[in-house]
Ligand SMILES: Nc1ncnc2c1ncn2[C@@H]1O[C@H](COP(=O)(O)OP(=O)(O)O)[C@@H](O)[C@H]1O
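Next up: a single chain in structure tokens, the form predicted on its own.
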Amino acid sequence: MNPFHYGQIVKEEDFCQRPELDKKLAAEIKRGQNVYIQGERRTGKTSLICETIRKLRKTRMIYADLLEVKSSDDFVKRIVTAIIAMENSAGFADKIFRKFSHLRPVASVDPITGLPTFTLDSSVELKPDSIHGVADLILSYHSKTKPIVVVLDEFQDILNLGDARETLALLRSKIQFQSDIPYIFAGSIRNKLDGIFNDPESAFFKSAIPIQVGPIDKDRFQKFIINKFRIGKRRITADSLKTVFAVCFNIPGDIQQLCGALWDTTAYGADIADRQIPIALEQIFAHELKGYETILKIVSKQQLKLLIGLARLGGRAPMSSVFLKGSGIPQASSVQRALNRLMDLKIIFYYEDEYRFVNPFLRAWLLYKKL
């Protein structure tokens, strides 16, 4: 069985330990401190949070993913659904119906697990002021013997709401009185998350301690990857592992995806060298081809030129004369407009003075196709 896992929350032996971050986050949770966790996509933020909480005795987690949340109704319902999920895992079906009767929960049975699941009636629309009731509900579950941790993932997307300022203000007004309950706000778009917690005009100004999650220590992660390959008696050369990390810009989730493809395309006991990497990438390209084709359809000719230029020349100096000549885009202003549009489409992002591909395998595919 392939031992590499990506695109999902991992735990225990599948989680590459980060002792310093784990210790720091656990300490803040134990003292009831609110924390906001920053990290680029697929750096393992969510796995770090969940694994840290898992190891805290008797601590329960309310986890809500706010990715692409569109309205205050959607926001509140995602939190309520997270509370229901926590309750459901404890088997309190009757309690769920009593506490959430006004939201008309609908029970069904998961055909795979055989366990009961609950959804909320979409016709019941919740307003921002419903946050007060939900926050009080969270408080009712918290106790010294069964402490609660609330995790709001991709928290920066709350800014998508038309009434974002009101929603943030209402949420903050309740959280500030729940000093025993740690709230963890995680996000992958740094400037937006920074704005929420560092802007003096924001309701959440200086309301949480920041923790930065970057790439895993390279030596530690390389040993983790090597040990995973050993499960199948496979050996990967140091140079090939260096290439894998470079292709994936040192992002843990992407590294695991490429290593998973290397596992799939090699045999038990194989020695993995550079010649296997293109074969593994071709497997990834085949799986993701529809996504790449969709991107080609939605971007303009100028934007595609820019993507190809970024793939070939890198993203540190896209306004330079060398980049303009190499990409075939005549003016820096055209590059800037294309950059802004591609960031809006979440095809690229800006990090550490460089424009990067959200999906590094799209970059590899563009180079492979020689467009």
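The first residue of the sequence shown is number 1, and the count goes up from there. This is a predicted model, so every value here is computed, not measured.
Note that the form predicted in complex with this ligand isn't included here; everything after this is about it.
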{"query": "In the model of the complex, Pro128 touching this ligand (heavy atom, 4.5 Å)", "finding": "no"}
{"query": "Distance check, Pro210 to this ligand in the model of the complex, heavy atom within 4.5 Å", "finding": "no"}
{"query": "Asp14: touches this ligand in the model of the complex, heavy atom cutoff 4.5 angstroms", "finding": "yes"}
{"query": "is_contact(Gln303, this ligand) in the model of the complex, heavy atom dist at most 4.5 Å", "finding": "no"}
{"query": "Triplet Arg42, Thr46 and Gln256 all within 4.5 Å of this ligand in the model of the complex via a heavy atom", "finding": "yes"}
{"query": "Contact assignment for this ligand in the model of the complex, among Gly260, Pro182, Pro252, Pro147, heavy atom within 4.5 Å", "finding": "Pro252"}
{"query": "Interface residue in the model of the complex among Ile196, Ile216, Ala82, Ile158, criterion: non-hydrogen atom within 4.5 angstroms of this ligand", "finding": "Ile216"}
{"query": "Listed range touching this ligand, judged in the model of the complex by heavy atoms within 4.5 Å, from 216-224, 200-208, 279-287, 167-175", "finding": "216-224"}
{"query": "Heavy atom within 4.5 Å of this ligand in the model of the complex - qualifying residues of 5-31", "finding": "His5, Tyr6, Gly7, Gln8, Ile9, Val10, Asp14, Phe15, Cys16, Arg18"}
